[in-house]
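First comes one chain, alone, set out as structure tokens in the form predicted alone.
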């Protein structure tokens, strides 16, 4: 059974070793928006007054991503510095997509990204975006992630037919993605 989490639900989750030691908190989820794969997490310290840690957690070092914690083998799973996270954030298409406008390649605005939806069964992957209401629809929708044309912190340009495959909730994203995938294959 698939479980879907919003990126904001993962932020502030504890990072816990298999020995039960709470070693950090998730600050940000860093992912490749063109591929939909999670690459790493930036971290903050434990406690209310703790600031960012200058360490990162690469996805390949995660033992499990659960609804209540990110599990790692031991504290050695954390990178000694946050260089890996900075490299991924500074790469083309890196950075935050929260607040970016979604536009079809034909110039139709679909809304503004308010969150990233992650499927946690198997290898976690980004499966879609929660997109805030546009003046045209007045509704929040969920868009599948398939072959965006371009991605920046300000704008995501998607194939025109993406607007035809939205979902009303995260659980509807797999069906919307399958429909979009089929349409894109027909149009290719």
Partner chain sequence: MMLFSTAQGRTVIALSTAERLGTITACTIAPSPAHISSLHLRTRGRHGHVMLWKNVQSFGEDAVTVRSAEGLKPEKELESAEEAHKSHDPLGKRVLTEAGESMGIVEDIDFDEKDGSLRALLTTEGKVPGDRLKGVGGYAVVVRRPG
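Numbering follows the first chain given and starts at 1. Just so we're clear, the structure is a prediction, and the values are computed from it rather than from any experiment.
Only in words, not in the display: the form predicted together with the partner chain, which the text now covers.
For the chain shown alone, residue 69 is a contact residue for the partner chain in the predicted complex, at least one non-hydrogen atom being within 4.5 angstroms.
Under a 4.5 angstroms non-hydrogen atom cutoff, the partner chain in the predicted complex has residue 18 among its neighbouring residues. Taking non-hydrogen atoms only, residue 14 approaches the partner chain to within 4.5 angstroms in the predicted complex.
Although the partner is absent from this view, residue 155 stays clear of the partner chain in the predicted complex, with no non-hydrogen atom inside 4.5 angstroms. Per the 4.5 Å heavy atom criterion, the partner chain in the predicted complex is contacted by stretch 61-69, the sole one of 61-69, 158-166, 125-133, 34-42.
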